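Only one chain is shown below, in structure tokens, and it's the form predicted alone.
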Amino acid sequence: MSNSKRRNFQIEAFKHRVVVDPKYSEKTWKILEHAIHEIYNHNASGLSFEELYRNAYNMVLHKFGEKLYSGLVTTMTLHLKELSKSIEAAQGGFFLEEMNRKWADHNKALQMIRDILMYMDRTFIPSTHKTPVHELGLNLWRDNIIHSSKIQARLLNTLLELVHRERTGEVINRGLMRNVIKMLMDLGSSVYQEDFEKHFLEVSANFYSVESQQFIECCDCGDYLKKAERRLNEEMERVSHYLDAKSEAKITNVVEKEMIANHMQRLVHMENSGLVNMLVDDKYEDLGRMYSLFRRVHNGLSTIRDVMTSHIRETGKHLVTDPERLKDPVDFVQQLLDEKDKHDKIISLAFNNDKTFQNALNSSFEYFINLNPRSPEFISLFVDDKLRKGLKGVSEEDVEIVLDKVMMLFRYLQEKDVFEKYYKQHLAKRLLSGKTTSDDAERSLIVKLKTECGYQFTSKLEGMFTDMKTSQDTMQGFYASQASETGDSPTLAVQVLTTGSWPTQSSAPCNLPAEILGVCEKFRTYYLGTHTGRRLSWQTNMGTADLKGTFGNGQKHELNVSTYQMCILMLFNNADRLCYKEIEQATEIPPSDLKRCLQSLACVKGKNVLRKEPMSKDIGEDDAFFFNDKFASKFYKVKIGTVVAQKESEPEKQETRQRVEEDRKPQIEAAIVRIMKSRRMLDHNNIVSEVTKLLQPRFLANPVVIKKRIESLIEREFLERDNVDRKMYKYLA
């Protein structure tokens, strides 16, 4: 349709004048005012709400909205003044009940009035920006009742008094409290906060400040924490029953500050019952309570963590430096494991497996385990003890648990290469003597070490197992080749060890008996005939032998001895008496080893197949030795061990330490070259810090040694100093 054809419509006013009764507004308001009075006086049943609604509607329609609104304010104010007097007159416990009753009446009346004045609420009020009827009713109640000079303070004091009585153990009317508090909340959050909550929090802070002081003077730490926890739960319950939900965080903050934060240091350090006592006595429940309460306050957990760390470090330091405990390495390591288990359990049961506590525990153990330079040796001795005899009859799962615990201690070691040295020595002895309880357990530990430190760490250890298997095959081949020569010669079992894999020490060869020498030569001929380009050297200090001996009364025994001991005993086939010098000359066993062997053959009760003159515990160079005819044992097989210290002697320790230091030199140099190859140019301090970081998984590199290795590399022209800055090094390709 085009614009030209579009029609414009216009609405015109009535032609005749509408005459309104000049007293209309007065008459109508009187009807509505009377209705409001009746509603407040509980006589609403006789009113016609439809008629009242129409009257209010007409008043607004005829532009008397202002009169209607102001009349409503005046009438409601009048009624509320009357209600105020009634509430003021209520005595004691009836005060809140009266207020609650009047509040319920006012709300009911307000609902009816709002229904009658609905049209005004929808049209007149929004257009004039006045307060809606319901909100107006609440505001008038607030101004005329709650903020009345005779009610305001009385209401607050009554509410606070009831809360106090409940805190001191009395039972109060919670339903009434809930209604009155809800009234304050319905009047607006500012009324609830200003007229009640602010004062409630202040009074609560004072109450808990005084109470916490009383408790801390008369209770031990555990009891105090129980009371604090109970108070905290009570306040949360109180909020759920009759306070605004938003008050929970505020009131719990008050309790936390007054009962926990203000007394944290005193609680953790409390004599005979503080944190340290709880840790020592495994008080999981008290520790759990302390953790859950302290985590609610600022720096709470760090306070517990610091005290725990300090205690563990102190305990651990005492453990690893106590000379008494160092006498038994196996017990020493077991105590470390017990200490770790104890604190792991505490962290698990009481501290919610908190990672920060676990980290603190780990750093504490790392700190004190490395205070004792012999820790790597002791851990290896512990493993040796367990894998020799300690795990017999133990299930696979339990073996794994023990090995995992050992690995945990191993991770704390800064000098992992020292552990490797000792572990290799102990493993070699176990394998060669056939004393390991389980090959699976041995291999399992090597797999764990490999996972932790890489292939390089365990390649030689795996080589030792390979040699043991190859040796079995070699011996089968040897005896198959000797099948035709069945003589009376001794039976030989040889383990062929690869020089690089085993911790063999160059030992002076001793003079083997002629019978043994013959069969050894046969084996040498066979082995070198089947393997070209190899060389065999006998490690007589590492072997064992089984001898059959006949004593007085024709008593026969089988003696299990070391190769050195065999050489000594075989001499007595041709002589009844030999002096020390003669034995030394005939066998050429190193003096220190010879004395130990003679000591175990002549001085150990029940194993003394030789007699010594003069009789004493120590071996002297003038001593004489005799075959002991009177030797007797209830066992047919008698194992004669060598008297040897379980731990290393001081010279052996120095030698091991020296070997470790020598082994570290090429590793440090390799690390320096690797870093310089990628960086090309670097200053001294950065080289030291990067080398230390690179080698940390194996050992803690000494800056002095790093400096010496840098000097050595400069001499061999791998590096050179910068011409201008002498602390700067360049890599030479």
Partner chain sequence: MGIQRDRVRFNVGGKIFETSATTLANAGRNSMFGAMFDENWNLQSSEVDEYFIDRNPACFSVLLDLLRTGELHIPTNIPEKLIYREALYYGLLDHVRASKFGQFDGNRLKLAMSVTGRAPGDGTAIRAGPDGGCCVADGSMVHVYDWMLEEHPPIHLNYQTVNDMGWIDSENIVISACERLGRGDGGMGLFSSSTGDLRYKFQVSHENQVKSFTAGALSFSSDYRIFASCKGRSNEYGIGVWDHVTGQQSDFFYESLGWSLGDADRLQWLHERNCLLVATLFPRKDNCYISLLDFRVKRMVWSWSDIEAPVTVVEKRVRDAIAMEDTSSICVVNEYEDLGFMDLRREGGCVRWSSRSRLMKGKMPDEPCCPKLALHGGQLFSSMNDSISVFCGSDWVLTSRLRRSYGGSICDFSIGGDRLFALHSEENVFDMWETPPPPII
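None of these values were measured; they are calculated from a predicted model. Residue numbers count along the first chain shown, from 1.
Separately, the form predicted together with its partner chain exists; it is not shown, and the next lines address it.
Across the options 440 to 448, 113 to 121, 71 to 79, 657 to 665, residues that bring heavy atoms within 4.5 Å of its partner chain in the model of the complex belong to 113 to 121. R54 is the sole member of K67, H62, R54, H684 with a non-hydrogen atom within 4.5 Å of its partner chain in the model of the complex. For the options V705, L694, L47, A670, the residue carrying a heavy atom within 4.5 angstroms of its partner chain in the model of the complex is L47. At the 4.5 Å threshold, heavy atoms of H129 reach its partner chain in the model of the complex.
In the model of the complex, its partner chain lies within 4.5 Å of some heavy atom of I39.
Using a 4.5 Å cutoff between non-hydrogen atoms, K595 does not count as a contact of its partner chain in the model of the complex. Taking the partner from the other structure, its partner chain in the model of the complex has no heavy atom within 4.5 Å of any heavy atom of K421.
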